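Only one chain is given next, in structure tokens, and it is the form predicted on its own.
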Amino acid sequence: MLRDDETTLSYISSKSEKTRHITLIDPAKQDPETAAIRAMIAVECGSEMIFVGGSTDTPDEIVHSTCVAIQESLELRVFAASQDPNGNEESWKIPVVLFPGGAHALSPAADAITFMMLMNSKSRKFLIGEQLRGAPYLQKFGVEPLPTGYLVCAPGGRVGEVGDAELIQPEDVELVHSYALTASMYGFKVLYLEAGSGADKQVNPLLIQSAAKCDDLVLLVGGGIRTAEQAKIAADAGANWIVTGTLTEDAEDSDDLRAKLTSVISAISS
């Protein structure tokens, strides 16, 4: 759900002195109702965008059901806030964005999609193939594309394997800068540095600093970020947005999820 007369791209590109937070919900890891509950807790804690996706083989009907459940929950929160003199409707008007593993994982219920090129893939499939398959559906659905350069950094995890990526190593500072410049020259608006879902190491902050020098890109950083300290490292290095997913999946219950998200979001907002 977007604010009135606002695109998702303008929303994520809007200048902010603080690093903002995205919660990644993987539809394969829970049913749609549980996904919606987790997403609402994330927004309560200060998360400002919901990504839906992650797994490489999730059917589109599951992705769609998850998007619908989250959007309906956001709409209910907006309505409830409108009836409360102290309610803040705007805090619930945040975009639900597809983060797809391929052209099979699409939904017309999403506000936008990270329309990605896996720039360091050796496979044509992830450079242009999946994009060719998905573009006609996205046009039909009216889902806003966010032109995104996607770089998988070591250790890379499952996405590095499936995407046949030449992993960016921690010392590849100049290479990352070249990739960022290339993304900008292609006209991409977003650059995503990814260490891999559940990675045991986060993206080297020196790589983040190098990418951040290209200041006409919105810089997203995810993978391996589970603690406030790790999130703060990425934020201080220049990330505009921090993405966490495994943190949400690993929470023992709602209270644990609130505590973990509040800690991370407070750290990057300070």
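Residue indices: 1-based, along the sequence shown. Keep in mind that this is a model prediction, so the values were computed, not measured.
One more form of this protein, predicted in complex with a small molecule, exists but is not displayed; see below.
The stretch among 66-74, 41-49, 222-230, 209-217 whose residues place heavy atoms within 4.5 Å of the small molecule in the predicted bound form is 222-230.
Contact annotation: of the candidates 113, 109, 199, 183, the single residue with a non-hydrogen atom within 4.5 angstroms of the small molecule in the predicted bound form is 199. Proximity of residue 246 to the small molecule in the predicted bound form falls within the 4.5 Å heavy atom cutoff. Among residues of the shown chain, residue 179 is not one whose heavy atoms approach the small molecule to within 4.5 Å in the predicted bound form. The closest non-hydrogen atom of residue 24 lies within 4.5 Å of the small molecule in the predicted bound form.
Residue contact with the small molecule in the predicted bound form: residue 150 places a heavy atom within 4.5 Å of it.
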